[in-house]
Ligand SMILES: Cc1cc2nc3c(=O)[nH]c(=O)nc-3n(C[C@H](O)[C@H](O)[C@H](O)COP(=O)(O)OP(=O)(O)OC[C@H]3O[C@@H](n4cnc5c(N)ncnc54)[C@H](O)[C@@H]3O)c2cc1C
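Let's start with one chain on its own, the form predicted on its own, as structure tokens.
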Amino acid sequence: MENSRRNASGRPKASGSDFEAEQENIQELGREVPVGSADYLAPKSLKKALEYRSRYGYKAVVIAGGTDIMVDYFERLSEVSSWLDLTKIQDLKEIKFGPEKIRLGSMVTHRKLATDSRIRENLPLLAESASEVGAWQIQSRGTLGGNIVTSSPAGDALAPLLAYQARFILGSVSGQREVAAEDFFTGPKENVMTQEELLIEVVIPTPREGTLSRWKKVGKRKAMIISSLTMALLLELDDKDEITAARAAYGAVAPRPIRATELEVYLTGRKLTEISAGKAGELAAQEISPITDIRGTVDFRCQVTRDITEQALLGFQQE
């Protein structure tokens, strides 16, 4: 109760739209709001959001969908002096389809990814993973960008993004930079972003026609689970059914989402009928470095990685 009183005591007298208007008026007049004195920043443009991000840095907690924040800050809300809410920036909610690239705004929700017919047709791994993120309430609030920036090894979207060779556009007041998905994640809930940057967009090369893919999520129950393990397997075939490119990505089996490069080398250049699904499963299991936690043991994760990889390839062979 005492923490709640202390937190409430520092709040501005204006609230809601009145408070937002007050802040905009101060900015227009050229006067700066002291960092830490404003509880709630809700810019309507990316430019303004980046200005706030540059000025406040980590002192303003970013809100996308807010689903992870409510878990992370539930018992320490009094520690947060400022919030940077991105939900009013419409540019970050757009999906753009081009002949060579698909662009997804960082504020696109999981529900949108799961239900958009164009996403389901072109990026089925991403659509399927989004459909298994919590319940519909979480999917309707949670965003692709939030899943990425949280950077949990168990994040459902992360393995599909690696398999699709996604690239992330990071923005700041100094400009933009592009980072490959496999270079973005550095450890459990850690990534390469600086305190002045926001994730703006996810860019994915449009998959070739005839690309085969399999998504699998394993957990301790059938619905609304945190992943014990995820797999996103993608194969590109030529007109002779030879695999010209293979990308096998796994989540919750290492400190960050990973690609099984030895497995990819084994698959590439072979026809589906020439592949030993059992050997492929063994290769995948050898490349992961899981831990034992409440969602599974090391042995469990190794065995399941072996099994789901083998099952996926057997499924391709039987199609």
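Keep in mind that this is a model prediction, so the values were computed, not measured. Numbering starts at 1 and follows the sequence shown.
Absent from the display: the form predicted together with this ligand. The rest refers to it.
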| remark: Answer key: of 254, 63, 42, 285, within 4.5 Å of this ligand in the predicted complex (heavy atoms) is 63
| Exactly one of 181, 163, 199, 113 has a non-hydrogen atom within 4.5 Å of this ligand in the predicted complex; which residue is it? | 199
| said: Let me test this: is every residue among 134, 141 and 154 within 4.5 Å of this ligand in the predicted complex, going by heavy atom positions? | reply: yes
| field | Proximity to this ligand in the predicted complex (heavy atom, within 4.5 Å), stretch among 243 to 251, 206 to 214, 68 to 76, 119 to 127 | value | 68 to 76
| task | Find out whether any non-hydrogen atom of residue 86 is located within 4.5 angstroms of this ligand in the predicted complex, and reply yes or no. | result | yes
| With the partner left out of view, is residue 234 within 4.5 angstroms of this ligand in the predicted complex by any non-hydrogen atom? | no
| field | Distance check, residue 193 to this ligand in the predicted complex, heavy atom within 4.5 Å | value | yes
| Close approach of residue 149 to this ligand in the predicted complex, 4.5 Å, heavy atom | yes
| note | Checked 95 to 109 against this ligand in the predicted complex; residues with a heavy atom within 4.5 Å, sequence order, are 106
